[in-house]
Each structure stands twice: as structure tokens, then as C-alpha cells.
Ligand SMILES: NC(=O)c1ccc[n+]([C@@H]2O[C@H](COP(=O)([O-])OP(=O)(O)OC[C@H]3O[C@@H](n4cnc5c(N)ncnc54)[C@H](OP(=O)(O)O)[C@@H]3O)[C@@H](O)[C@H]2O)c1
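Read the single chain below, which is given as C-alpha cells and is the form predicted on its own.
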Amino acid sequence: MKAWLLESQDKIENRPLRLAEVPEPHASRGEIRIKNLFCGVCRTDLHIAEGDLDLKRSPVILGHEVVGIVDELGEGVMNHKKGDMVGVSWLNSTCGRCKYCTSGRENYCPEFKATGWDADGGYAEYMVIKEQFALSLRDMHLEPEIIAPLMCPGIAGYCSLVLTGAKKGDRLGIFGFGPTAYYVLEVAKYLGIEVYVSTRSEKNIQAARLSGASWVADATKETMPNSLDSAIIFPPAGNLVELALASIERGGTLVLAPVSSSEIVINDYSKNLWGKDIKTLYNVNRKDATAFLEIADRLNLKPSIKVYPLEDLCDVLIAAKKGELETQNAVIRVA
């Protein structure tokens, strides 16, 4: 089968990924094999390729926004059949036994394995995964290429929103407005939550306004017109933390969504942090993923995407790094 292999890390401009012919994988007991149709492009792929995240195995096939068709069943598979459409997210597997897995917090499992990092992902014609970690898409009406980016920014955004505890009538602040924030805004509106967006980019300011945010501006330059009940920060910008906390009322929650951050300093603890909670998004879980996909299908969410052939993956990753993609979401057509 055709697959993009990452064997050693380097700047993406040096094209560390190699398109190669490799043996097809086959499903073992409890696993399904997926014929990959589409795989969304994520900046985490860049972080792995360039060495911002350690290389867990070599070679590895990147890609964790996968939509495909089940085409082979391992012994004992009960919940999928050949021909089913399924999705694969960042969550590839957990132990299922630890205190986190048995208390509904599988995203904290010490044996958490990530698709396209610990295990081979979607930039290949086939992949295998334990059946319980493949998300069923058989009842969804959205096109498979539209579903692909839901698998990472969509699910991660919804997990962040859940962590805030925001409910109908609340005011939610979003700092940064990329693909993940777009999904949060759409779902928050559906849930009756008022959304305030802070972003520096004029392009993103216009996009947030068109998407129905109640207020949009750069909060480092303009003061929000109302205090917030909760907020989410998406960029890895530690300087935004105290600003966001200052915008939140007592008893409110700030969620930090990035996987890394610049230095965080709280200069005025008593005024800006005391009486408020800070949470971090740590991986994703299947419960929230399933809930989000149901909402996305109900809302007929259709983010802006452009589909590229498998052979163009390196060019797409380079464009993503340079901020030169034509749409918010790039999707690779695998088959």
C-alpha cells in the first residue's frame, strides 16, 4: 500500500516524510482494518515531523483525522461490520483498567496511545485499530471529507467546551480563532451560550463575526463589553492567561487548550486568579467525541475545506506552516 513514512525529524521544508510502498496491515483479534478515504491535516502532524514532539517510533505514519470504511474484521469483533464508515481521532487506545479508565477519564490513562504518533495513522491506504476506539459514523449524514476535520479540531474544541462547564445563558470567551475555535462557537451558539471572541487577525475577526459571535476584537487592545462566566485559550500564548482570568467572574473557569505554552505569569493573584479555576485540555475521550459528532451532524456543520491528493501531503504541510492554506481545513484524499 502507499503510505507517507516519517523516519527522522526535520524541518518540514526539508521534506522528512517519504511516500513509499509498504505491506498492508491486517486486523488481529479485536481489531478492524480501515480502508482510509480521507485524513485531515493537523498542526500536530507538523510538531511531530519537525521534532517539537518526541518521535515515539520510526518509521511512523502520521495522521489522526481519519474517515474510512471497515474492510477487514479481526476475530471477536462485535460492534462493526464490513462496509461500515468509521472515524479515528487522536485517541488510539488506552489500557481500560487503570483508575482513570474505570472512572470515565480515559484521556488521563498513563498508557494513552495517540494515532499517528504512538500508532500508525491515516496518511496511508489502510490502518488497523482496536474496534472500541473506532468511532461509528454509520448514522451520520455529512460527507466523509467534511467529517475528517471534525476528528481533531472538532472533538478537541468540544472537550474544551465541556471542561468550562458553560451552560445556556452563560457568556463564554474564546481567545484565538482557528478551526478548533470555530467548532466551539458553533456548538456554543446551539447550546444557547453567548460567545465573545478575541483574535488579532483581521481575517479571523471577520470570520468570527460571520459565524455569529456576540463580540469580536483583539482583547489585548479593546476591553470586552461584559464579564465572562468562562473562557478558553487556544494559542500557546502564556501572556493571554492573566488577561483572560481578569475577564472572568468569580467562580468561573479558564480552560487552556494548547499542548504547550509560553511562560505563564500571574502578577495579581488576589485580583485575577483568586476564586477562579484553571483547567487544561489533556487529550480527548470517546464520550465527548460521540456527543460532538451527534451535534455536528444535527447542525449540518460544514467547515471550509479543500481536498488534496495523497501525493501532495508534504506541500500541504509546508503551506500550513507558512499560513498559506486557502481554507481553514486541509483534507487529504487517500482513496
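Quick note: we count residues from 1 along the sequence shown, nothing fancier. Just so you know, these numbers come straight off a predicted model, no measurement behind them.
Unshown form predicted in complex with the named molecule; subsequent notes refer to it.
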Contact residue in the model of the complex, chosen from Y196, F133, W117, F234 - any heavy atom within 4.5 Å of the named molecule: F234
Listed residue that, although the named molecule is not shown, lies within 4.5 Å of it in the model of the complex (heavy atoms), from A27, L281, L301, V60: L281
Heavy atom contact within 4.5 Å of the named molecule in the model of the complex, the stretch among 141-149, 91-99, 256-264, 186-194: 256-264
Close approach of A156 to the named molecule in the model of the complex, 4.5 Å, heavy atom: yes
Distance check, T164 to the named molecule in the model of the complex, heavy atom within 4.5 Å: no
Any non-hydrogen atom of G87 within 4.5 angstroms of the named molecule in the model of the complex: no
The named molecule contact at S201 in the model of the complex, heavy atom, 4.5 Å: yes
The named molecule in the model of the complex - contacting residues of 153-179, heavy atom within 4.5 Å: A156, G176, F177, G178, P179
